[in-house]
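Just one chain follows, in the form predicted alone, and it is written as structure tokens.
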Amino acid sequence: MFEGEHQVNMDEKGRISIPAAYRDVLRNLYTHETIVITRDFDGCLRVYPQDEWYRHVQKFHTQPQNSPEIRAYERVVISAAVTTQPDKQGRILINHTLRKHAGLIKHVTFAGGSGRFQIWDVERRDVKLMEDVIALQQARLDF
């Protein structure tokens, strides 16, 4: 599990440093530090350890490939996927297409999750969190 939220700055070339805690998870729980970065529906980027990505894609392939929703998912998520590894300083390069999708310019938030994490523009993340808080207040979840 990738825990916590971490803010970092992206350089002018589109490089950002993966938080040390996340790199530790990649090293200790997965076979290598290779990750797959792709689009997320919420206007951020979704990042999978390569092993988790392979499991995700295997599930995708069990779906009816002629479904309009599955074809849309393939165009939005699968086609944008980029496999990469952090350099010696723990940095990754986010390509222009993915940066544009997520609105990444300078200030970036890494947000943890179970088996994957997200990369957000800081301001976009703040807006989404407020929307999520309101939705959760209205949902009245009991757990």
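The first residue of the sequence shown is number 1, and the count goes up from there. For clarity, a rigid core is taken as the largest C-alpha set superposing within 1.5 Å between two forms. Quick caveat: nothing in here was measured; it's all calculated off a predicted structure.
What follows is about the form predicted together with another copy of the chain, which we do not show.
When contacts are judged by a 4.5 Å heavy atom cut-off, residue 128 counts as touching another copy of the chain in the predicted complex. A residue is said to contact a partner when one of its heavy atoms sits within 4.5 Å of a partner heavy atom; residue 20 fails this definition for another copy of the chain in the predicted complex, lying far away. Under a 4.5 angstroms non-hydrogen atom cutoff, another copy of the chain in the predicted complex lacks residue 33 among its neighbouring residues.
For residue 42, a non-hydrogen atom is located within 4.5 Å of another copy of the chain in the predicted complex, even though that partner is not displayed. Shown in the overlay between the shown form and the other one, fitted on the rigid core, is a CA shift at residue 7 smaller than 2 Å.
Remark: with the core as the superposition reference, the CA shift of residue 135 between the shown form and the other one reaches 2 Å or more.
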